[in-house]
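One chain comes next, on its own, written as structure tokens: the form predicted on its own.
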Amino acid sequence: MGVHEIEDAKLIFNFGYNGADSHPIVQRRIVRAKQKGATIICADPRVTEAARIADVHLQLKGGTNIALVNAMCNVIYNEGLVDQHFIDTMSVDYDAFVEIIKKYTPEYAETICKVPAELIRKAARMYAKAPSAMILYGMGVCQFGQAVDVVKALGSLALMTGNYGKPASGIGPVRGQNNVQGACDMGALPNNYPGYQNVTNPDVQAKFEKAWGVKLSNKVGVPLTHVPQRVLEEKDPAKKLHAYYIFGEDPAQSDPDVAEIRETLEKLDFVIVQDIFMNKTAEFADVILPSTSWNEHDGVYSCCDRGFQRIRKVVEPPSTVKTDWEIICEISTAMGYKMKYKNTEEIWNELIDLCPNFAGATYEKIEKYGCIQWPCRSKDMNDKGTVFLHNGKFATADGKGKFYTAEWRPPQELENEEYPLSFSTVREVGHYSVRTMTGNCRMLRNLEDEPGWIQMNPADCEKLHIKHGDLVKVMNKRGWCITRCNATERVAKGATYMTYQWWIGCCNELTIGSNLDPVSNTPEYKYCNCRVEKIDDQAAAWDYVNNEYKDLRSRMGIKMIGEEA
């Protein structure tokens, strides 16, 4: 599917995804679909903007995703709403899938996810009967210890209704950050070379060795989320990590359990940070390499629909700043492997020559058509790439889609007497990611600044004698932060939510770093427990916030308008 197809879908199922905050341009496509008559279903614990325009809002309890998906599949199966011909000709493992979903009646699922059984039935019928149905899922699916199971179950929901290989249908992962798809495409994964070619495949290994003139390892690398363990706990000298090269990331702000991340960065022998602005991670760096921003260099990025698009330099960077690829080339050369390119097109041509699925995505074609979706295997100018990834055949050995689901398992850390509230990270539209860029924009800072907000139900606020706008202390066994109370009916009783870009209101002081999805190694950002405490002396609390923020900016050399140079 392509992003442009969203507005032509007859039904859109937003699952753990709120485009209004995460991707406003994509959200505009959803709104257009609604205006064209599309039905909207939204599964989200909060009353988000996506939920507000939905025909059905499945306001499930956090951490119960797969119970809800299984229940919808149960309804579709038991009411005979499946596409049996598609199942018979295009899939395998259906019987094993059915054996699991039989248990998940809407009544049973209601006890887990707290969504009324009849509402589950209504949503399932709407989805199954739609001429074309599109599932869009976001970090509300991916950032759990049971993330991959849910993604596969959503894929099975589309599979049992035949929603593949036709316009405005299918399942779309709407990525959490800009160019996440591109990073994966280019091999920024521990198990793949560019083009999703496995490092353990000897033929693939030999191909890259010949092209680069080196000897390569056939061992899978270390996932990002395993770095703390490899630094703090690893006893085997051969496996222990000593150096960390970080660019375009701020793990001291964005990773879960940041107290552990700080300890990790302190214990490392050598840390390099390559970025466009100072950030929290850079405070731990032995070497800081300033790099160009997106409008100061040329390149290619991948959209979430597998589309390659060009980016072009708009302004000249400062003379002392190099592009990421130039820095990498110079470091590589200094370390003994001579790496030299004239421009990004040379790098791109080398890449597509080594990646069969990208082979036809030349600069010339991207220039002509604006976007080329991989797979694009031919350099023929008429080959614009592949819109429908699964059109008549799935990317499996037998060409068939594989049904899969799993039993629901609860999040690792649940509410208890000491920490009675649930806690989840979310996004907001005003600032992007860890605020490295948007925090340096005066207009956006004026709209919203430290220490952020915690969203709470008014009933919980009343119980704690907290008013909207009060500074509060949020804590659990891993850490604490100070933020402001946002009393809102949009969240259910007993649940709290914070955005993760604030330095003083740093919600990743609380999140869990140890509960990783066993396949993707993604942390469970979306569920842990917490306690919220009223701060009696609000004036002293504001002094603390302002002084801490000023100190952080001073250490990083960041000056605000009106501050002395």
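Please read these numbers as outputs of a predicted model, since none were measured by experiment. All residue numbers refer to positions in the sequence shown, first residue = 1.
This protein has a second form, the form predicted in complex with a small molecule, left out of what is shown; the following refers to that one.
Segments offered: 126-134, 424-432, 264-272, 442-450. Contacting the small molecule in the predicted bound form at heavy atom distances within 4.5 Å is 424-432. Interface residue among 488, 177, 229, 201 relative to the small molecule in the predicted bound form, by the heavy atom within 4.5 Å criterion: 177.
Comment: the small molecule is not present in this chain, but in the predicted bound form one of 250, 110, 185, 460 has a heavy atom within 4.5 Å of it, namely 250. Though the partner is left out of this view, residue 87 does not reach within 4.5 Å of the small molecule in the predicted bound form, counting heavy atoms only.
Interface membership of residue 529, defined by any non-hydrogen atom within 4.5 Å of the small molecule in the predicted bound form, is ruled out. Shown alone here, residue 502 lies farther than 4.5 Å from the small molecule in the predicted bound form, counting heavy atoms only. Shown alone here, residue 362 lies farther than 4.5 Å from the small molecule in the predicted bound form, counting heavy atoms only.
Proximity to the small molecule in the predicted bound form holds for all of 18, 44 and 254, with the criterion being a heavy atom within 4.5 Å.
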